[in-house]
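Below sits a lone chain in structure tokens, taken as the form predicted on its own.
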């Protein structure tokens, strides 16, 4: 991030309110905490003190634990650069509209996270042979109208993902203690998965001997399409997005400009970004800058000279190493998750 680039979050109405990262102001791979998108499920946002905080580890373990922040920090540390994207990012592009916070394209950000591999703590506790999933419970809780009662925010991970060395119990973000809005004192970071998996304000880890079926696992954060069996929201789908120019910008006809943006996928490294400057009639490969880590977005750029005066429609499309390609048509689902349809913007040449 350059010294002159200080983007600030942009509020997006909803309950509770979310905030987007203005990608037009994003420079480099790292998003500063003050610009990193936010999404919470309940109000008020927890404000916790380090003193007195404990993380309990219980359930299908041999040795239940209660770790203070100092004890957590005393364990071997691990650092991961990871892009987080809200599962509801780009919800505004769905037709018909889907319920939920109407994020445009800025509910995605990247940071360097430091903490302890979740696997380290699970090994300290000693997993029983019947362990299947790990449930993370946050301190944030509230009344869920459809259930008629108060619940915490909690999500489970299959054991294989929980034991991935890069799945973190994070206590630092970009070299500083986690800000309150990002989960201080500690949170999960689940690289490659949509942001709902990275439970903030972590209070408890419960190792389960059976699949978890709670509200945020089976009712929310599922792909629900009429006539199809629902599937869970997990891995981030491949996506490329524009940073500059922005939709509606004015450019100078005949003067070259740099078209740039970011691309990411939870399925594998981004292998190609293609850009169309003529509404999809033809495509050119953009230049890719190496991602700063396995789980982080990469930057892409293309030099383009706008032709005659008038409107030009630009599209960008990403492909990952697993062969996944962004769809031209928006993949609709009732709850508006995982929209990775090709982004389209219009600029005006004068």
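Residue numbers count along the first chain shown, from 1. Basically, rigid core = biggest C-alpha set you can superpose within 1.5 Å across the two forms. Keep in mind that what you see is a predicted model, and the values were worked out from it rather than measured.
Keep in mind that the form predicted together with a small molecule is not shown, yet the notes after this line are about it.
Undergrad: Since the partner isn't included here, can you check whether the small molecule sits close to all of 138, 153 and 181 in the model of the complex (heavy atom within 4.5 Å for each)?
TA: Yes, the whole candidate spot contacts the small molecule.
Undergrad: Within 4.5 Å, heavy atoms only, one stretch in 158-166, 138-146, 234-242, 257-265 touches the small molecule in the model of the complex. Which?
TA: Heavy-atom contact with the partner occurs in 138-146.
Undergrad: Which residue, 170, 118, 134, 84, is the contact with the small molecule in the model of the complex, using a 4.5 Å heavy atom cutoff?
TA: Exactly one listed residue reaches within 4.5 Å, namely 84.
Undergrad: Which one, 40, 301, 56, 319, lies within 4.5 Å of the small molecule in the model of the complex by heavy atoms?
TA: Result of the distance check: 40.
Undergrad: Taking any heavy atom pair closer than or equal to 4.5 Å as contact, tell me whether residue 221 reaches the small molecule in the model of the complex.
TA: The answer is yes: residue 221 has a heavy atom within 4.5 Å of the small molecule.
Undergrad: Decide whether residue 111 counts as a contact residue for the small molecule in the model of the complex under a heavy atom distance cut-off of 4.5 Å.
TA: Flag for residue 111 set to no.
Undergrad: Is it the case that residue 187, even though its partner is missing from this view, gets within 4.5 Å of the small molecule in the model of the complex, heavy atoms only?
TA: Residue 187: yes, in contact with the small molecule in the model of the complex.
Undergrad: Does at least one non-hydrogen atom of residue 199 fall within 4.5 angstroms of the small molecule in the model of the complex?
TA: Residue-level check for residue 199: yes, a contact with the small molecule.
Undergrad: With a threshold of 2 Å on the C-alpha, tell me if residue 341 counts as moved between the shown form and the other one once the core is superposed.
TA: No; residue 341 is a residue whose C-alpha shifts by less than 2 Å between the shown form and the other one when the cores are overlaid.
Undergrad: For residue 331, state whether the C-alpha moves by 2 Å or more between the shown form and the other one after rigid core superposition.
TA: Stays below the 2 Å threshold, so no.
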